[in-house]
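Shown here is one chain on its own, the form predicted alone, set out as structure tokens.
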Amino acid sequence: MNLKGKDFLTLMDFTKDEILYLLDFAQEIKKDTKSGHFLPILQNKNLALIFSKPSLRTRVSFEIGMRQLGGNSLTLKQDEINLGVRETIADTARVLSRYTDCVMIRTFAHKDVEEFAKYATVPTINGLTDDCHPCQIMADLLTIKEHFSKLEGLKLTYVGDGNNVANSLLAGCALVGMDITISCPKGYEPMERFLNFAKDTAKKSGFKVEIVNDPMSAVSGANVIYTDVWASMGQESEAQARKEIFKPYQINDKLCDNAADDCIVLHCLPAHREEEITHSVLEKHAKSIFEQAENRMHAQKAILASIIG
């Protein structure tokens, strides 16, 4: 499948076949990596990484992943580039397009990534924005596929804040044929455009997309329970208030007991133990959660190899 030159901004820009192709490719790359075979698919290619928001997993997985593919990466922090301040985003995009073969951006406003991609002549990857986190969801789907040997027909319940991860899970699960339930307090639902995309996509294929405020009923029959922090970067001033609002949405043993017998728990990390997830549940499902973290690298390698070519 030819994806060369395509931006990776949101999963809504991709078809089911393209998503499944990338997941199969990621599994192949992971198998090669585990056996010590590092294919120089991107030899002499260069990736620029722009960080307005810091990250452990995003930076390390992209840098090492690019190196394993035979290419090079350059990390630019906020104080070094100051995206959209020192010069226009359009000018930065046109300059970096002359130096590199691909640019990954992790920032706040989604419109900034869209503007960068508009003016760049090389592929742009969304490493996270306030609206969505597509690379994370590719790692999530890879982890689920590895564990259950399938995706279609499974049920995922996301419990917590209807944030960028929840938005992208809606799109990803709907595209691959998974039922998805989002359980969050009223007023903290996912963005309408992601919810509408998921509902429209699921309706065509006969799968379910639900918003359920009660977490206990939401996890009933779930094969996957997923959570994230209650306050994301940029919401620090709301953190204390959110702890009270989200208390009933903690992933604990009682909640997990109401899910399917084969249920796994996922968390995109970093985790605030005893807030959105208890220490005991995280440790019980540590294998899946840290496999999920590792899979960021393998999923992103498949994306890089496909769009840079």
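One-based numbering along the sequence shown. Given the structure is predicted, the values throughout are model-derived calculations rather than measurements.
The following text describes the form predicted together with a small molecule, which does not appear among the structures shown.
Screening I81, A109, M233, L74 for any heavy atom within 4.5 Å of the small molecule in the predicted bound form leaves a single hit, M233. Residue C268 is the only one of L69, L255, V281, C268 with a heavy atom lying within 4.5 Å of the small molecule in the predicted bound form. Contact with the small molecule, judged by heavy atoms within 4.5 Å in the predicted bound form, is confined among 112-120, 217-225, 133-141, 186-194 to 133-141.
The shortest heavy atom separation between T33 and the small molecule in the predicted bound form exceeds 4.5 Å. In the predicted bound form, P40 stays away from the small molecule, with no heavy atom inside 4.5 Å. Using a 4.5 Å cutoff between non-hydrogen atoms, L56 counts as a contact of the small molecule in the predicted bound form.
At a distance threshold of 4.5 angstroms between non-hydrogen atoms, H285 is out of contact with the small molecule in the predicted bound form.
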